[in-house]
Each structure stands twice: as structure tokens, then as C-alpha cells.
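Let's start with one chain on its own, the form predicted on its own, as C-alpha cells.
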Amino acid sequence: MTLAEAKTRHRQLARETRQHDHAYYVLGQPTISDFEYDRLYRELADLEKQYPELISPDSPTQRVGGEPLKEFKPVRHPQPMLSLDNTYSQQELREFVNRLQRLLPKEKLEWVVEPKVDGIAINLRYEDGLFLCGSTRGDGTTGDDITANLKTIRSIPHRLEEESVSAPARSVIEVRGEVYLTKTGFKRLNTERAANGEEPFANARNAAAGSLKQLDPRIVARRPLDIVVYGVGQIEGTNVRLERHDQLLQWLKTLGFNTPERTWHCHSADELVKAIEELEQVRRGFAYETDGAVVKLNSLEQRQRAGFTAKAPRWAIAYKYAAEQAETKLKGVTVQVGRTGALTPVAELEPVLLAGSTIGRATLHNEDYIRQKDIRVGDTVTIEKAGEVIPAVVDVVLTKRTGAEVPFRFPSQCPECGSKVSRMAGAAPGDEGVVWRCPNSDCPAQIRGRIEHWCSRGAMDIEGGGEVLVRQLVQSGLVRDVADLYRLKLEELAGLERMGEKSARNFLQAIDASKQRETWRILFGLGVLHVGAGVAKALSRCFPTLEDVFNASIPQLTQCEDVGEVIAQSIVQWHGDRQNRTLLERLRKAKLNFTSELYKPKAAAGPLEGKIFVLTGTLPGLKREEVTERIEAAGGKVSGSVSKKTDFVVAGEEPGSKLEKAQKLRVRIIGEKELLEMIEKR
């Protein structure tokens, strides 16, 4: 294939892949099978590997950046990103309508009602149809550049559809919307965090905000983020002429964006109230959380004349739904101890019906939360489902306080083993001074938690190893750690309460089957702080055996994808404990699988190991793909663009702009002959 043929095929593949991405992630109507899509994508990726100069910022292969960011750079908004005034009152909504009617007397006003997505406001800037920069709202004037993170969201197009952006000159289009975490994704994320011993997110909005603040786009790519767009900022150099907001939404849809899945057109305050009530009934069926409705004038020209206040437009308002709440009595507070030793206070409530389910317990988060809210045993409290998912105590009904209520004292000793608790013992980054932990690794609650985690489906998948049986095993003294499971005998199990011979035999068979589980499951099952399933897999790809993982140094561990210094330190610290080393040895003697099936050995270091090359122009003796193969075989890497990280630019005849950029950056420029001499060097 010639370079010209490769360019033509690349354009075709990139366009087809973008269209299929749009059909799947925006329209929800895939037009080809996953297998066919993967085949297209692989062909595109292989073509770019063969011809690195074809890689463009809008290629579907460039969804996830390679290197973590050091910081977010500030971005100034050409047009401010203002917030909206809001109300919880229908009367105030009617007053808002009357105020606009007085401002625009004798004019017919038409309104559009949209769902208010509970997410993070962002701005997407496109120049000549290409996604150039994505930023947060910030203070309305200046936000953070989170382009690399936003590129991981597949419903954000990297290039706008050409026929929809008819531009005689250089075009600028800024699109504004809300990034959110899907409801199902939020539940799955919190389940994973709990399994990894991490504090769950309070609601989907916090989870979305936390995701967009990640400095490593690879982490963001694993979060189920999506977007709904509803407006624009700066627009220049396009032929598009819009008069109404509904036209704007339709135009944004033709550009390839997700727009509000449902809107209402209204001509009076009464119709607005009816639309908002209807939205409240249907909003629970949306993929995202909604906390209200946004009411906007439809006419863009009327908006201009209505104008703005210093903080918000006069032509729009957010009507917020009151969270569904209930009042009940706080009967007591129990403190749970997790497998990492974290102490979590839980409110024991008089059962009450809330959002379709009966709530008898709710989280109190931590000691500081109880103190700040002045929550006392015996109080009448207000509870709601935070993010409509997690039951939480949000307030105390002080008017119903009698004086008989008792302040809750957080225990200074572990309620399970009596050890003195500490806010620093085994604390994870970010929870110092907030989370109390039991430092005793022999604490029965921690032992139970570790064994339940080991038996869980995501770890060693030992059927039957649930809470009830594990509690009996620990209480009877049969099991003190996970290695003890592999020494259990039939008569010991059969003697436990409600455990007959058949059940005991099935459990022993499940334990025996777990000896063949993949190595990453063992690593995850051990419960090392910060080592979740994804990190365990990454480590298993880097090291051939479990012993190699734990014998590695911090610098060696951080060479693995997704493994940072905090995780590496946690692994080294865990293995530094003599008791943990003994546990590993006992598991090895029990003949568990310590050899990684995911490990892929790297080729021996070549003369170009760690060096980055960029090719430009036509080389005299070798084809570009041959040069790429030789560089990679010698340990080097071929990049499609010149940067400060580039070590060498290999220039042939008729070099392009890459040569000029290399000269500006003072990157060393070599020819084919010099490159071959470097490769042959020993």
C-alpha cells in the first residue's frame, strides 16, 4: 500500500468508526456487531502503527492520552459561563414569568423546559470542526483545561460532521453541556470502591467531579461518564443561522452530540408548572440523575433583549425538586469495622418508607459528620437518599428535641477487639484525620472481612463463603486467615451449625477449585490497600509470578501501567509485615497458582531502548514500515508527532513540517544511514 492509498483508507476507516461511535454512544442504535466494530478499529490502529504520520488528534484511536497530567492549566472563556438563578417554589416561577413579560411587554413568550442534569458544567471548543479544548466552568470566567479527560468520553465527537459546519472561513464553535456519571455506573463504581476498601462516593455528581479531576486520563477512561449538551458559547465563521433554542438543540444533534432526550414547549406559567410536574414523574427513567428542570426563553433574539444580571441570565431559571425526605427516630448508632480496620458509624432508625423502600439503617459517614450535624441518639432526624441511591441522615429536627437525647461518643477502642483506635493507623490518602481505624490485624471483624473478600466472586470466587459461614468459621477458631481455608477437613465443617455433610463437601470442593484461579485474583483477594482488581491485573501483566510482584522495588512497581507511587508503597509496606510474608508462603505450599497467565515478557533491551523517533520524508533505502519495525525491534518507539520528548527525527527527501518543529525544539536530526548504524551498534 502506498502512502497515498494509506491516507485514503485511513480517512475512510476513521470516518466509519466515528459514525459507529455516534450510533452506539449517542443514538443508542448500533448498526454493526461488536466483532465488526473491533475489526474496523484494529485495522485503523494497525494502519496508524504502520504510518504514524497519519495519526491525527481526531482519530478514534486517540480517545485516551498516554501520560498523566502534572496539573490542569487555566482556560479563559471568551463568553462567560454563568450559573442560573433557581427556585423551589411554583409561586416564584410564576413571578419569574411575569417579570419577563413586563420586560418584554405585549410580546408572545414561548418557553422550553429541559431536564436539569445533576452533573458538571463543561465547555467544548472546536476550531475548524476539530475538538481543541475542553474546560470546566470554574468561576465563570476562567476554568480548568480537562481536554485529555473529556477525550475519553465517547459521546463527545473529536470532529464535527463536515456537512453540518459550513464555514467559509476559520470556524469556532463552543458547545456547552453537563458531564455526568450514569446511575448504573455509579452503583458499579461504589461497589468496586467498597471491595477495594475505599470510601464510596456520596452521590453521582461527586463521582463525576472526582473523575474529571483525575490527572491520569487512563483512570477517567474506566469511569462510565457521558454528556448532555444544551447550549453554546462563542460561535464564529459558520453559516448557521439560528433563531430559537429548539433549532439550536436540533443543530447540536446534527453535529453529533447528545441533547436532552425530552423537552417541553410552553406558552404560559400554567403550562410550565404542568411540564415540570410531568418531568418529575418521568425523570427516574433517565440514565442520569436530575435534580430539577431548566426553564428557558425559546427565542434567541428575545434573550438578547432580556439580557443578564452579573451572575445569571434574566431569561432562564432552574426549578429544583425537593429531595424526597422522611422523618424518623434515631434509636442508636452502631459502629462497623471493615476488613481494612475502618470504623464506620451507622444510624439505627425506626423503619420508615422512603422513595419506595423501607429504610431502617443509614450511613453517618464519620465522627466529624456526627459532630458537625450535632446528631444525638433519640433525635428525630431527616433522612433522604443521597443521589437517590444511598440512605443518609441529612439533618436533625431541632424543634422536636426534648432534652432527653444523648450525644453519641465515638469509641476510642475497637468495638470488636478492644484495641485502641487511631486516625492514622493504615489510613488511606485523603482520609487522615477523618476515618478511625483499628490497628489490630487480628481483629475478628477484620479477619471476617478479609475472608469474605477472599471468597467473593470478584476475588477467588469460592461459592458458599458468605457472611454466615465465615462468622462461624472465625468464632469456632477453625479459620484465622485465608490460608486456613485450605486446611479445613470435612468433619470440622460438618460439625458447624446448619452445615450438613453435603454442604461441607461442596464448600471444600469450591475451596479446592480456587487453587487454579488466576494469579491476579490472589493478589486482589489478599486485600492490599489500593490494589483493586484492575491494578492486580496490571501487576500480573508486568511480573511473571506473585513472588516477583512482592519482591519488586517501588521504582520497578511504578513501571507498570496504572501503578503509582502510593500503590507501590502500599504493596511494599504490606510485604514488609512478617505475618503477611508467612501467609504468602502458606498459600504457596497449599499449591495455589502463583504463576501469572497474563504476563507477557518484554523483549531484551535493544540499542534504542527508551528512545523516541519521528519519521519525516521519503527514506532512500527502506520503506517507512520497515524502518518502524527495525526501530521497535531495537527497543525504540516511533511517534507521529514531534515534541520535547522526541529523541531523534529521521529525515528523508522532501521532509514536512516535522523537520521545522524539530529544528525549533533542537531535537537531533539524523538520516537513514545514521539510524542503521545506531541499530547495529552493540
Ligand code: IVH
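Quantities reported herein were computed from a predicted structural model and do not represent experimental measurements. Start at 1 and count along the sequence shown; that's the residue number.
Keep in mind the form predicted together with the ligand is missing from the figure; the text below concerns it.
Contact annotation for H453: none of its heavy atoms lies within 4.5 Å of the ligand in the predicted bound form. Looking at P115, you'd find a heavy atom of it within 4.5 angstroms of the ligand in the predicted bound form. Contact between N580 and the ligand in the predicted bound form is not found at the 4.5 Å heavy atom cutoff. The ligand is not shown here, but in the predicted bound form it comes within 4.5 Å of a heavy atom of A121. Comment: the ligand is not present in this chain, but in the predicted bound form one of P313, G418, G332, G458 has a heavy atom within 4.5 Å of it, namely P313. For the residues L546, V294, A306, V97, the 4.5 Å heavy atom test against the ligand in the predicted bound form is passed only by V294. You can rule out all but one of 294 to 302, 510 to 518, 407 to 415, 589 to 597: in the predicted bound form, only 294 to 302 has residues with a heavy atom within 4.5 Å of the ligand. With contact defined as any non-hydrogen atom lying within 4.5 angstroms of the ligand in the predicted bound form, Y230 is the only contacting residue in 223 to 258.
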